[in-house]
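Let's start with one chain on its own, the form predicted alone, as C-alpha cells.
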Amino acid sequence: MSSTPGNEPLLEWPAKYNEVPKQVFEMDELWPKELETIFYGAEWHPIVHRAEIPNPGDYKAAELGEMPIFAVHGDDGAIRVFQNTCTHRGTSLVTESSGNKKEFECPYHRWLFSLEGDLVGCPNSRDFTPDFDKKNFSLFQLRTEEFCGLYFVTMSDKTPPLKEYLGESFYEPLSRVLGGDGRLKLAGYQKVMYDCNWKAYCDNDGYHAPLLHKAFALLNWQGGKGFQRISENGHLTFESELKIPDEITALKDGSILDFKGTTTSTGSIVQMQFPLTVYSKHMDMLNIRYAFPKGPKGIEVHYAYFTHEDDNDEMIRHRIRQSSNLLGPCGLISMEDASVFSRIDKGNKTPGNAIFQKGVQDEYALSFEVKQNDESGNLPRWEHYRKLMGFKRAAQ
C-alpha cells in the first residue's frame, strides 16, 4: 500500500473478480475516501420510516457517515431531514436518539428553530452584522425521497432518482418488506455494536446461512427454493421459499415459527442496499436494520421492527415474538453473527485475499442472478465499491 501525492491510499485489486484483498477491511486510511465517495457521494441512505415519527414534533437522530443528522415530522405533516447543527456556531441541536419537541433550541446562544427548520428567534439580533437576515440561517435540509413511508437522503445532487437508483428488481420486493403499502407501526428496536469494519458486516452471503446458523434447519433453508438478484450498483435481493417442518422438536413452543401466510412473500425476503442497509420480511417479521459505522472499526446496528396498521392484537403479538426471538441480534437464528464478524476482523489481519467460491462460474466475470445459497451474489457489490474508490485491477 502506498499513497498518491494527494495522500489518497492506493490498493491494487486482484485481477480475478472473485478475490477481494483482505487489506480493504483493515486499512484505516480508506475511511476518509469512503466518507467522500460513498456516504457523502451519489448514494441514497434510508434514515427513518414515517411509523417511527408518526406525530408532529416527533424526531429521530441518526448519522450519515460521521455527519450528525435528524429527521423531524413537521406541523405541516411533512418529514424533513436536517444536519444536526446550529447554523450559528455549529452546536448540535439534538442529543437524544428520539423524542418530541415543539421547536429546537440551541443551548449555547439560544437560537430557536421551528419544526420546519426556520430560524424563528435569536437573542440580541440588533447587535448582529448589518446584513443579518434570519431567512439565511435556516437549518440545512438534505435532499430527500420517500418510498412506502421510508425516507432516504443523499448529499449529492448527482444521485439519480430513488426508483432508478434502486432498480425494479429491488424496488418491488422492498414494497413487500414494507408491508405492501408502507402503512406500518413501530414495534420497537434492538441495538447492537459489532466489533468489525463496516464492510465485513455487509459482506454477508447466502452460503453461510444454513451452515453457521444451525437454527435455519428449522426452516429447511438449505433445501428451500430461492434466488438472488443483484444490480450493478451493488443492491442485492434474496427471495427464499421456507418450509416449516410438520413436527418441531427443538423448541418447547414451536408457535414462534408459525407463518401466517401474509401474502407479500413465500417465506423470506432479505435485501441488502448498498452500502450497508438490510431489510427483511422473514415469515411475518418486518424489519429494517439501520447501520452506522464508527469510523474504520466498529459498526452500530439498529434493528427496527414493525407491525402493519391492519394487524389485530394476535398478529401484533406474533410479529413481535418473531422479531425479538428469531432474526434479531440475539435471535435463535442469527445469534452467531456477532462472533463471526469479530473473527473475520481478526483473520483479515493476515496477508492475502478473501476468495469467493460458491456460485462462481467464471473468475473473470460477474453474475447478477445466482442461487439462494451462493456467495457470488456479493461480488457485484465489491465491484461497485472498487469502482467508487478508484482501485485498479491487476493485469490478468
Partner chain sequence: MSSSITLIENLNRDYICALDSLDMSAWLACFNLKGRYTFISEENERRGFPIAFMLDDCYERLQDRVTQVVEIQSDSTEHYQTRHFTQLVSVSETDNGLINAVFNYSIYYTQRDNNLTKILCVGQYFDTIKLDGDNASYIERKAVTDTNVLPRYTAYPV
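From a predicted model like this one, the values you see are computed outputs, not experimental measurements. Residue numbers count along the first chain shown, from 1.
Form predicted together with its partner chain: not shown, discussed below.
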- Please run the contact check for Glu300 against its partner chain in the predicted complex: heavy atoms, 4.5 angstroms, yes or no? yes
- Task: May I ask you to state whether Tyr189 is within 4.5 Å of its partner chain in the predicted complex, using heavy atom distances?
- Result: yes
- Taking heavy atoms only, is Glu314 within 4.5 angstroms of its partner chain in the predicted complex? no
- Consider Ser342 of the chain shown here, and say whether it contacts its partner chain in the predicted complex, taking contact as heavy atoms within 4.5 Å. yes
- Query: So which of Cys330, Ala365, Met67, Ile355 reaches within 4.5 angstroms of its partner chain in the predicted complex, heavy atom to heavy atom?
  - Reply: Cys330
- Message: Can you pick out, from Thr237, Asn84, Ser323, Ser280, the residue that has a heavy atom within 4.5 Å of its partner chain in the predicted complex?
- Response: Ser323
- So which stretch, 196-204, 180-188, 102-110, 130-138, is the one near its partner chain in the predicted complex (non-hydrogen atoms, 4.5 Å)? 180-188
- Query: Thinking of Ile269, Val360 and Tyr385 as the candidate spot, does its partner chain come within 4.5 Å of a heavy atom on all of them in the predicted complex?
  - Reply: no
- Heavy atom within 4.5 Å of its partner chain in the predicted complex: which residues of 82-118 qualify? Ser97, Ser98
